[in-house]
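We begin with a single chain expressed as structure tokens, specifically the form predicted on its own.
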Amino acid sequence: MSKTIFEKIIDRELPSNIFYEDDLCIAIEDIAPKAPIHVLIIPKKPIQKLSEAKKTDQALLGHLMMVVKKVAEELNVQDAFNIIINNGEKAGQTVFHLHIHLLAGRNFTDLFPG
């Protein structure tokens, strides 16, 4: 099976603007941003989509949420950001390697009221 674009970025085969990295994940700038701030938080473990995560991935998934918090704080948007996980092609997932979109820098109330 060939590597996803995210695996190639993790392995430094492709360049990317990296905001954060640790042993479990990497946070990079989205190359097709949907907001002024659009960061992808990607686990290094290749899980195709959230619905395929296992019970043993629970700590990793929690870690990803804490990285979202850390990146939001570093970008000074800790009080105004959205996160999105697309799960499957019909939900808009185009890269089949679990990733979290952190979006900020604009008002999202028109998309996500209440």
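Quick caveat: nothing in here was measured; it's all calculated off a predicted structure. All residue numbers are counted from 1 along the displayed sequence.
FYI, the form predicted together with a small molecule isn't displayed, but the following is about it.
A residue is said to contact a partner when one of its heavy atoms sits within 4.5 Å of a partner heavy atom; V95 meets this definition for the small molecule in the model of the complex.
Contact annotation for N82: none of its heavy atoms lies within 4.5 Å of the small molecule in the model of the complex. Proximity of A72 to the small molecule in the model of the complex: non-hydrogen atoms within 4.5 Å are absent; the residue sits far from the partner. In the model of the complex, at least one heavy atom of H38 sits within 4.5 Å of a heavy atom of the small molecule.
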